[in-house]
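What follows is a pair of forms of the same protein chain, given separately as structure tokens and numbered structure 1 and structure 2.
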Structure 1
């Protein structure tokens, strides 16, 4: 059978290829995981995806869906060869329906494009991944991605009302409805969100949107120890204030930021917290007052943005973290391994300390930062990628970080996904629930063609 001919018949001759250069380009995402597909196919509509799946299922050919390839866990990498289905070309914003507080999109729409389209109408789609300018909404949904605003607004799954999904056998279903609220049967929408292309291919999504907050402010508080920072977060939430973002930077992160750009000038401290507060103008002032009162007895310094410019100045420091990390050592490159743990909020100070002891144990600089408001910590580690010994140390350190997070009741992935990078921890973290996932996987994809080798299923 001439597979490529058949694929080209479905999507058109210039939309399916076996060119080695193309296959190479599609052999990785933004992690270190590699796997070369046999075919790259770029479908244009649901009907084509359905035909492709029917064909692939009949012949047992693996199919790995892919958006922009910004994933950090190998989720979009074709480990077993087969077809990489590049959905980035299906990128229409189909409908912006303000009256129903929802939008309909194709999976290839870039995250920031949606929010740019919504802003003039006074609305927004709250999940805010760091890769906003690059990542596709389909990828965000498939990984249940989120970002800094989760503490107040929740993750992507809270905003998906309906998905059009092509199943393994090519059948097309809608998982939800256009109503904002439904109790009619199993929540297939939530089952698909975060399933990383192992249960079906998302070809359309209806997303809930919210009105843009009218006002916003930013505060920065420095603490002698991570424990004090953790206390302040708990006390802030207990005082009835849910910040729209609540970010922690550890001592190493602040040092790196200040080295990267001396103008940033964040005070040296055991831990620094950035608060963002949003809402109506009055409520932002009230919230800022409460946070200030909570911080005062515990913080070694507090800075509240007085105008828009100062707000941007403080906030830009947080945005620079990803770039600044390269300054730890110019010969080293950041490697995304063990970078996305989540722990119960009250375990954050303990986790920060344990990461620092792991850093010493394996002689690796680790800067830790993240979304303290929801327990999500990113551990940035840099190595010389040509040095095998450093790779080994990194793997050992990451393994210990993962096991420590699970031991504290946490997760190996709070928002980046499991992919293949973290699939070996699924049994430890999820226990017998993994067996239930495997039963579901087998029921919906009996031939195991959908993104094989991922998620531990």
Structure 2
């Protein structure tokens, strides 16, 4: 059987390939995971995806869905070969329905493009990943990604109303409806969100949107130690202030940001917290006073940025901090391992202290930053990639970070996904619930062709 000719018949001769160059380009995402597909296919609509899945299911060919490849866990990597299904070309914003507080999109729409289309209408899609200028909404949904505004606005799953999904056998279903709430049967929408392409291929989505807040301000509070910063976050939330974003930057991260953009001039400190407050002008002023009262006894400095240009400058730099770390030591490269833990809010100070201990134990500089307001910490490690000993130390440190987060009642992935990079921790974190996931996987994909080797299922 000439597979490539069949695939080209479905999508067109220029949209399916076995070119070694193309296969190599699709053999990785933004993680250290590698896997070369046998075919790369770029469908243009749901019908083509359906035909492709019917063909793949009939012949037992693995299918790995992919968007922009910005994932950090190997989720879009074809570990078992087969087809990589590049959905980035299905990138239409199908409908902006302000009266019903929703939009309909195809999976290849870039996150920032949607919000740029919504802004003139006074609305926005709240999840705010650091890769906003690159990541596709299909990938964001498949991983239940979130970003910096989760503490107030929640994760992607809180905004998905309906999904059009092509199942393993090629059948097409809708998981929800256009209503803002429904209690009709099993919540198949939530089941698909975060399933990383292991249960079906998302080809359309209806998303809830919100009005843009009238006012916004950013407060920067500096502290001598990360633990003090963690204490302040717990106290701020307990005082009834829910920031729209609440980010921690440790000393190394601040050094990276100031090297990236000296105009930001964040004070040198053991840790800095960025509080973003939004709402009406009066509510923002009231929240800012409470934050200042909470921070003052513990902070070494407090600064308020109300100018829109300054705030955008701060957030733009923050989004790029993971990549910008190489400016500190150009001989070392950031490796995305052990970088996405989440812990309960009250355990934040303890986790920060334990990360420092792990850094000393394995003699690795660990840059800690992330969405501390919802307990999501990114622990960035850099190594000389040609040094095998440093790779070993990195793997040991990442393993301990993962196990420590689970020990504190947390998770090995708060927003980046499990993929294959973290699948070995699924049993430890989820226990017998993993067996239920495996049963669901077998029921919906009995031949195991959808993104095999991911999520531990």
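Residue numbers count along the first chain shown, from 1. Only a predicted model underlies this, so the values are computations on that prediction, with no experimental measurement involved. Definition used throughout: the rigid core is the maximal C-alpha set that superposes within 1.5 Å between two forms.
**Asked** Only one is the form predicted in complex with another copy of the chain; which?
**Response** If we ask which form is the one predicted in complex with another copy of the chain, the answer is structure 1.
**Request:** Tell me, please, whether between structure 1 and structure 2 the C-alpha of residue 153 is shifted by 2 Å or more, with the rigid core used for superposition.
**Result:** No; that C-alpha moves by less than 2 Å between structure 1 and structure 2.
**Displaced residue check between structure 1 and structure 2: residue 313, CA, 2 Å or over, core reference** = Comparing forms between structure 1 and structure 2, the residue 313 CA shifts at least 2 Å.
**Request:** Determine whether the C-alpha of residue 84 shifts by 2 Å or more between structure 1 and structure 2 once the rigid core is superposed.
**Result:** No: residue 84 shifts by under 2 Å between structure 1 and structure 2.
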